[in-house]
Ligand code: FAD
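Next up: a single chain in structure tokens, the form predicted on its own.
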């Protein structure tokens, strides 16, 4: 089922999982991803390694989630370092696997990548155009957005202009990068509405369950860490069990505030942790059906 159909007329909760980077770790990561799928969220997304490095594993995990748990999947697809032909081959493989939803991303250059990172594509909007050109309306296409601005953007206004190009190219919904202050998200919604962006915008929430994740989150997205959250990490960061519980509660509090303010769809970066996903689902059992 397409994401636009899934989110129509109801409140939804979805989770993201990632495939293993190394074949030797496949079983552990696979089992963790399936553990999240067993919770039966409204849909799931499966990430794509830099430069398509996990392409085969992404497709296999996405297919198994759909086939074994009857849960619709969004498969990530990146275009950095790829050609049109490679992209079309990936689209054909996704279609053959029964995938109906794609998150179209520019992606990051792999650390060991040599050569020109931008071959036939420079921007995610070009990837969206190619998906539409090759596959018509078969796929529901989503895109990423950055409430605090893309790290490579000249400024926030230019970033929103680029976002509008993705929408005009055929992007049907957006999922945000993580944020820890809901006011940032609410302000972002006002700004993009002024630019004529009216597709569903699904906030991405990441439960921080280990103190070490904070530095990685800042590095990945440049996100602002509110003092309230920093205090939480300072207090519980040295106690793994307490930190996990506090992180799940903080994320749940964010989600409840979002829903109370009319945001009907939530995407959680579960980091392949079924226990974290379950904790959030349990906390929202009477809020999200």
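Residue numbers count along the first chain shown, from 1. Just so we're clear, the structure is a prediction, and the values are computed from it rather than from any experiment.
Unshown form predicted together with flavin-adenine dinucleotide (FAD); subsequent notes refer to it.
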In the predicted bound form, the one of 82, 71, 175, 209 near flavin-adenine dinucleotide (FAD) [non-hydrogen atom within 4.5 angstroms]
175
Could you work out which of 108, 129, 148, 181 is the residue within 4.5 angstroms of flavin-adenine dinucleotide (FAD) in the predicted bound form, going by heavy atoms?
108
Within a 4.5 Å heavy atom cut-off, is residue 123 in contact with flavin-adenine dinucleotide (FAD) in the predicted bound form?
yes
So in the predicted bound form, does any heavy atom of residue 244 sit within 4.5 Å of flavin-adenine dinucleotide (FAD)?
no
At the 4.5 Å heavy atom threshold, is residue 162 in contact with flavin-adenine dinucleotide (FAD) in the predicted bound form?
yes
Is residue 104 near flavin-adenine dinucleotide (FAD)? Define near as a heavy atom within 4.5 Å, in the predicted bound form.
yes
Per contact check vs flavin-adenine dinucleotide (FAD) in the predicted bound form (non-hydrogen atom within 4.5 angstroms), the hit among 131 to 139, 73 to 81, 185 to 193, 90 to 98 is 73 to 81
48, 152 and 166 each touching flavin-adenine dinucleotide (FAD) in the predicted bound form (heavy atom, 4.5 Å):
yes
Taking flavin-adenine dinucleotide (FAD) in the predicted bound form, which residues along 239 to 276 bring a heavy atom to within 4.5 Å of it?
269
